[in-house]
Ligand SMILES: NC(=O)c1ccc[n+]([C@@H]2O[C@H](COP(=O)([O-])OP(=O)(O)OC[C@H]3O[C@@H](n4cnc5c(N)ncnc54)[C@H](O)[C@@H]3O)[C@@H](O)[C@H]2O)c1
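The data below hold one chain only, encoded as C-alpha cells and taken in the form predicted on its own.
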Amino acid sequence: MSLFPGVALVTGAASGIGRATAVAFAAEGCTKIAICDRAADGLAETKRLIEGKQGDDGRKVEVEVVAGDVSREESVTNMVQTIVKRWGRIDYAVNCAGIQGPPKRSTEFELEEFDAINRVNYRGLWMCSRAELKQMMKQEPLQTHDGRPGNRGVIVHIASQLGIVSRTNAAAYCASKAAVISLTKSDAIDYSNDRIQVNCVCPGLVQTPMVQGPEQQKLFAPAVAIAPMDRMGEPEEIADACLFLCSSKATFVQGAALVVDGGYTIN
C-alpha cells in the first residue's frame, strides 16, 4: 500500500518548498492533497504540477485549492473546515508558509516590519498548527504500511537552520524560526498521548523565490560558502525530508528538528 493513504495539507504551496512538498505527495502516492496560499496564480500552477503526476499507476489525485492568508484566523479556520468538509480528516499537515523580511539590525526595524514577519512565521504557523491539532484529535488513527500502530495525524513545520544558529541582519527572522522549533518540541510533548506527531524541518539555503535575484544571491553567497557541500539545496530535497516525517516509516520520531542544510550548522 501507499505510504500516504490519507489526506495531506500543505500551506505556502504556491512556490518553493511548499510547492515541491505538495508535488512530492502526489508523486509518492497520496491521492488527496489540499494546497493553501494567498497567491492564487501560484496555487493554480502547483495544482497543474500535481495533476501532472497522475497516471503512472492509474490513480486519480484529487486537489483542493484553498486561497487564504495564514496570518488571519478566519482564513485558517476556513482552510481546515474546507478540507474536512471534503475529505473528513487531515492526516499530514506541512506548514511551509513563511516570509523573510528586510535585512536589518534590530535597531533599524520598524515595529510593523517585525510584526509582519511574526504574523506569518510564528503566529500564523501556530494558528495553523492549533487548527490542525484540533481536527486530528477527533480522528481515528490511520493505518500504516506494515501494520505497526498508527497515529491520528502528523504535523511538520518548516523552521530554518537560522532557528538554531544566527547570521547578521536577520534578528526577527531568526527569532521567529527559533520559536517554531520550540513550539514543535512543546506540542510534541503535549500531544504524544493523543497519538499525534509534531516535528519540524530546518532547511539551509534553498533555491526558492525568497533567495533568487542578483541582490539576494550576493547577500547569501557567504552563507553558501560556509556549508561543506558548498551549494544551495533544492526544494525537492526539503520536500523529501518532510515526506519522511509524515510517513509511517517515521512513527517513532517526535519533537525532532531535522536539519537539512548541506552541513551549514556543523561547520
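Model, not experiment: these values are computed from the prediction. Heads up: residue numbers just count along the shown sequence, starting at 1.
Keep in mind the form predicted in complex with the named molecule is missing from the figure; the text below concerns it.
Placing the named molecule onto this chain by superimposing the site C-alphas, using its pose in the predicted bound form, gives no ligand atom within 2.4 angstroms of backbone or C-beta atoms, which makes the site open.
Proximity of Gln81, Leu133 and Ala188 to the named molecule in the predicted bound form is absent: no residue of the three has a non-hydrogen atom within 4.5 angstroms. Just one listed stretch, out of 148-156, 134-142, 95-103, 188-196, contacts the named molecule in the predicted bound form at the 4.5 Å heavy atom level, and that stretch is 95-103. The named molecule in the predicted bound form is approached by Val120, whose closest heavy atom lies within 4.5 angstroms of it.
Although the partner is absent here, Val70 sits close enough that one of its heavy atoms falls within 4.5 Å of the named molecule in the predicted bound form. The shortest heavy atom separation between Ala227 and the named molecule in the predicted bound form exceeds 4.5 Å.
Mapping the unseen interface onto this chain, Thr31 falls outside it, with no heavy atom inside 4.5 Å of the named molecule in the predicted bound form. The listed set Val206, Ala223, Val65, Ala26 contains one residue whose heavy atoms approach the named molecule in the predicted bound form to within 4.5 Å, identified as Val206. Contacts with the named molecule in the predicted bound form, taken as any heavy atom within 4.5 Å, map within 152-186 to Ile158, Ala159, Ser160, Tyr173, Lys177.
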